[in-house]
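Just the one chain here, the form predicted on its own, laid out as structure tokens.
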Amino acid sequence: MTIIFYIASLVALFSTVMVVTRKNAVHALLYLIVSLLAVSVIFFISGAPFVAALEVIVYAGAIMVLFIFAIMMLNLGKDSTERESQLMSFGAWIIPAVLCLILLCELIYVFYSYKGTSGSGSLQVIDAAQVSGSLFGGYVLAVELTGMLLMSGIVGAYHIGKEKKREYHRYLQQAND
């Protein structure tokens, strides 16, 4: 299992470096998805399949799709169709596809080698009750502060993105029309 951990961590490190160094935002997001999938493989082989599933569903699934849609929606301009056709080229997908194939092979190997017993050398499964007991037991203050931080980020994003309505005097409004 240690070799699988090291391979998944190398995939995560490589794809994270590629996220930081890419100039194209969609390519960076593809590598970020691969990085999040590699982290979920690490969580799974560490004995936390629930956290691994949450990583895939919440981060790699929902949030990354939202980022990709936002970038594609903001990609407006004269040559936006030409840029979109370049984003979907085969070369842009080949390295993330190879990295995802490596992670898939690792997961298949882990699934077939898992015995279900908690002896030495095998995985220990942590279920949802243990995760929730840990989160809302000793770490309840951290969870609540994180929730408040996320809420303040949402409120701040709303106020920053809110379009200001200009009001003119009725004589100035006729002059601008």
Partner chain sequence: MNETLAQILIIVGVLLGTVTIAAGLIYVERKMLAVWQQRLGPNRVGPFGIFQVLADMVKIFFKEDWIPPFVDKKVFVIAPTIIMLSVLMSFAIVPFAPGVVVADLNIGLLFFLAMSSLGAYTIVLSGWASNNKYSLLGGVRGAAQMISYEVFMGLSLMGVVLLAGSFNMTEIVNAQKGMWFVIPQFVGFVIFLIAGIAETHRLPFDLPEAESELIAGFHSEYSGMKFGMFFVGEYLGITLVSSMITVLFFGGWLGPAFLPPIVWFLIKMFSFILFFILLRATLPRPRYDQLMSYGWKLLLPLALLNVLVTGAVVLYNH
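Keep in mind that what you see is a predicted model, and the values were worked out from it rather than measured. Throughout, rigid core stands for the largest set of C-alpha atoms superposing within 1.5 Å between the two forms. Numbering follows the first chain given and starts at 1.
Beyond what is shown, the protein has a form predicted together with the partner chain; the following relates to that form.
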Report task. Using a 4.5 Å heavy atom cut-off, state whether I108 contacts the partner chain in the model of the complex. Result -> no
Query raised in the report: Heavy atom within 4.5 Å of the partner chain in the model of the complex: which residues of 26 to 54 qualify?
Result: V26, H27, L30, I33, L37, F44, P49, F50, A53
Query raised in the report: Quick one: core overlaid, is I154 moving 2 Å or more at the Cα between this form and the one not shown?
Result: yes
